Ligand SMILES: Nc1ncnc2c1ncn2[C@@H]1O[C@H](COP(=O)(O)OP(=O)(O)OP(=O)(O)O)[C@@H](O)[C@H]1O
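A single chain, nothing else alongside it, follows as structure tokens in the form predicted alone.
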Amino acid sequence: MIELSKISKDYYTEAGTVHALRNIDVKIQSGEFVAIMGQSGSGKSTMLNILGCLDQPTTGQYSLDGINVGDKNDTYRSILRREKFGFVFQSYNLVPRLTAVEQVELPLIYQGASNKREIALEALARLNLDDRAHHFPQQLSGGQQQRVAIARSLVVQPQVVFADEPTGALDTQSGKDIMKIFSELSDEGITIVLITHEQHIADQSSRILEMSDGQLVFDSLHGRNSL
């Protein structure tokens, strides 16, 4: 379970202090499919970065399965990102010179897996990309590239998958395909935390959190407005 307690994040600039997050309290249960919505600058990406241990809060506590992540060092958080978390981004973040199967093998190389090719091919086959395993990114459609990125995030068998606008660069049908994959992963017990500004995408999740000016203003689970 993920729990944020009184999480705030400030950025200090020459123009003054930017309060990116303000006293966020939220619990996310294992296997939930959560969409975080909000306008640009609302704090949703900052929240995702903190949840994914890509950034640290200024104040407050972030607990994962009862462990205070804030008490841990950079090495511990790096291990979380490598072994417990999967990341999917709007821009796919694929390496141009690597084939699909080589892209998916990357996290396994960092883990020192001995059968990385077999695992990577199985992940691609699950996403109906076995016939594209040896294609380079420029030979794949946007939807196919995003599925490669999802396969890459899944080979470590993550506890949580964080997705930042994963359908933002896709056509309607490809977007539907990607959301179907996330729903299936949630059904299998993987926690999905997805950033989007599109209501029809958020509506396919099991829970919607809405951000505004660094605050959580709506949580569909509780049907409440935050103060």
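Predicted model only: the values in this text are computed from it and were never measured. Numbers for residues come from their place in the sequence shown, where the first is 1.
From this point on, the text means the form predicted together with the named molecule, which you will not see here.
Contact check at 4.5 Å (heavy atoms) against the named molecule in the predicted bound form: all three of Val18, Gln39 and Ser42 pass. Contact annotation for Thr167: none of its heavy atoms lies within 4.5 Å of the named molecule in the predicted bound form. Although the partner is absent here, Thr191 lies well away from the named molecule in the predicted bound form, with no heavy atom inside 4.5 Å. Among heavy atoms of His197, some come within 4.5 Å of the named molecule in the predicted bound form. Counting a residue when any of its non-hydrogen atoms is within 4.5 Å of the named molecule in the predicted bound form, there are no hits in 108 to 143.
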